[in-house]
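Before any questions on how it binds or moves, here is one chain, the form predicted alone, in structure tokens.
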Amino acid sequence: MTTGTPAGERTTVVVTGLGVAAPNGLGLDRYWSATLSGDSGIGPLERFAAASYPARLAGEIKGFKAEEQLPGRLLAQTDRMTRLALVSADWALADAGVTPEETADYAMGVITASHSGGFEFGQRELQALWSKGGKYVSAYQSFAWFYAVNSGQISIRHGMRGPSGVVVSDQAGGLDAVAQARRQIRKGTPLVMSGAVDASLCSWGWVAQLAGGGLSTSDEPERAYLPFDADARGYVPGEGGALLVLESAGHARERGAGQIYGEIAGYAATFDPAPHSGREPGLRRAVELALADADTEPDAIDVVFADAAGLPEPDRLEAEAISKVFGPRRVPVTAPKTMTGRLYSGAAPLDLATACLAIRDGVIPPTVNISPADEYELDVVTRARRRPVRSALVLARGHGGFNSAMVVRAVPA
């Protein structure tokens, strides 16, 4: 096992493969094309009868047929989120040009994030328990619901026996997982699959999400999720996310990787102080620490991918943090998740993948449907904007006070 990095130097960790499952595009190319065109995947919920619930819109992935992608034995064992994750992992490996069978087992790890585990699988087994009895509950319930199940199933499917695990910190978890993958690569594991895919669009999962109080109750897909808009009224949840193949730069060069999308250059996480403490929230500090970790200055950042809560107070706090670091309207800000809904732990890895594509193609994807409110003092990108993108900052905040920030930047050819 080798990292290809001379002793004493900090290992550069790069992204070489992307696998995307999003409501507005299943697969990397479809997602990117839809995102640049401003095509939204938000619409009326169809996965269950939602008419009686106060929120009825979601970002659903349409046309996913797991039986065409996975063996039958896995279908019996897995929740929808795991099936999406397994297929996304397949796509990421193919994109990276990695054949797991040709790589040493302990040279590959899997570190993902999870927001809620396999809710839909659990709902079905609870229905079996209460309607038929305990002997009708699937033995696979013991792990199919679990937060770590995506890491476990990907590891088993591809023989990835290196450092593995799961991070649970709500929407921030996706960045935290990638950061943990970077740590493991810097310790010597050449390749780690990381990111997150979440899916809990079932009635039980929906009730749990409603309890958080942040869901938009609008029935208009174009007006339901409006971060940084004066009419912000909550967010629309969605399903999906992205998985990324991360490698040491040396390992990627040694095996002749077909492309390097970017370097995971900087990362930091903070936790907010107690509510009403009078102390500043931790997001600005996370941004400053991530920039310092990347050894870069604010004016080197070409775009910020916002967390974009879609609620007035969180939007105000995020806008303040961005303005304090970069200056009012000094950096383009975008939220492509206005086309997918908020994907919980899957959201930030999808933003990270999108940032890699923005670097590759020199274009910032838009935030759709909004009219940026002047009070936020942000340069929100509402139409795809052509410009060189060398470095991008991705932000994510989790319920309860989690803040994470990550810098991804281009790698010189």
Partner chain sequence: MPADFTPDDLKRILREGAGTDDAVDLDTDILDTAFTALGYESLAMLETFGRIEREYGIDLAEDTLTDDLTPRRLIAVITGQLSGTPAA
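Numbering follows the first chain given and starts at 1. Note that the coordinates shown come from a computational prediction; the quantities given were computed from them, not determined experimentally.
What follows is about the form predicted together with the partner chain, which we do not show.
Quiz item: Does Gly278 reach the partner chain in the predicted complex if we count a contact as any heavy atom within 4.5 Å?
Solution: Result no; Gly278 lies far from the partner chain in the predicted complex.
Practice problem: Using a 4.5 Å heavy atom cut-off, state whether Ala274 contacts the partner chain in the predicted complex. | Solution: Judged by the heavy-atom cut-off of 4.5 Å, Ala274 is well away from the partner chain in the predicted complex.
Self-check item: the partner chain contact in the predicted complex: Ile156, any heavy atom under 4.5 Å
Solution: The answer is no: Ile156 has no heavy atom within 4.5 Å of the partner chain.
Quiz item: Though only this chain appears here, would Ala76 touch the partner chain in the predicted complex if you measure heavy atom gaps against 4.5 Å?
Solution: Heavy-atom contact with the partner chain at 4.5 Å: present for Ala76.
Practice problem: State the residue from Thr217, Gln127, Thr99, Ser138 whose non-hydrogen atoms include one within 4.5 Å of the partner chain in the predicted complex. | Solution: Looking at Thr217, Gln127, Thr99, Ser138 one by one, just Ser138 meets the 4.5 Å heavy-atom criterion.
Practice problem: Heavy atoms, 4.5 Å, the partner chain in the predicted complex: which of 346 to 354, 371 to 379, 66 to 74, 28 to 36 makes the cut? Say which one. | Solution: Careful reading of the contacts points to 66 to 74.
Quiz prompt | the partner chain in the predicted complex - contacting residues of 140 to 155, heavy atom within 4.5 Å | solution = Going through 140 to 155 in order - heavy atoms within 4.5 Å of the partner chain in the predicted complex - the hits are Tyr140, Ser142, Phe143.
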